[in-house]
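Encoded as structure tokens, the following chain is the form predicted on its own, with no partner shown.
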């Protein structure tokens, strides 16, 4: 039995986000003009529209805003893992990220968000208890 392949439609910025991650740090774009942390990755700063955005480690700590389960997906690759726990996390660094939630975190819980790659090299942001 063959397993479905992950979706192949990734942007160059998506590949940069994946490649920037380290094992124990969250690395996101930071505007060199106004220091606004960017997520999702962008070509220009969401705050000041400057295009000098560097990838650098940021605080991975944050608070869960909401959590839920994904019960369906149009992508065959993701259907094996359903239901899939998700959490929206407001990072102390500023942006809100959508992360895999394998720890049953609920709104108000403090978590640490780190990037990890699946077996196909795709980036997953994962919410972990600190």
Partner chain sequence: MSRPQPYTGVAILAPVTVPYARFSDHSAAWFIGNALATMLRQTGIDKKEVDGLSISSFTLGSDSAVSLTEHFGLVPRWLEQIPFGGSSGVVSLRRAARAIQNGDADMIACIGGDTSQTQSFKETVANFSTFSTDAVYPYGSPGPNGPFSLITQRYMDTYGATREDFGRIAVSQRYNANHNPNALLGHKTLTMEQYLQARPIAGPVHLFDCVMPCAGADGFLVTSVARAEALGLPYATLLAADERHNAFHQDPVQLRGGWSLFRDDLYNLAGVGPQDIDCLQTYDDYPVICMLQMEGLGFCEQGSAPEFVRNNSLSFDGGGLPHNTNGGQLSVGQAGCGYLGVVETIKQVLNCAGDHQVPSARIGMVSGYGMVNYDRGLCSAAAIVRGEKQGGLA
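Just so it is clear, the model here is predicted, and its values are computed rather than measured. Positions refer to the first chain, counted from 1.
What comes next is about the form predicted in complex with its partner chain, which does not appear here.
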So which of 32, 56, 92, 69 reaches within 4.5 angstroms of its partner chain in the predicted bound form, heavy atom to heavy atom? 69
Within 4.5 Å, heavy atoms only, which of 52, 75, 80, 104 is in contact with its partner chain in the predicted bound form? 75
Even though its partner chain is not shown here, does it sit in the predicted bound form so that 20, 117 and 130 each have a heavy atom within 4.5 Å? no
Counting only non-hydrogen atoms and a 4.5 angstroms cut-off, does residue 110 reach its partner chain in the predicted bound form? no
Any non-hydrogen atom of residue 36 within 4.5 angstroms of its partner chain in the predicted bound form: no
Counting only non-hydrogen atoms and a 4.5 angstroms cut-off, does residue 48 reach its partner chain in the predicted bound form? no
Mark residue 97 yes when one of its heavy atoms lies within 4.5 Å of a heavy atom of its partner chain in the predicted bound form, and no otherwise. yes
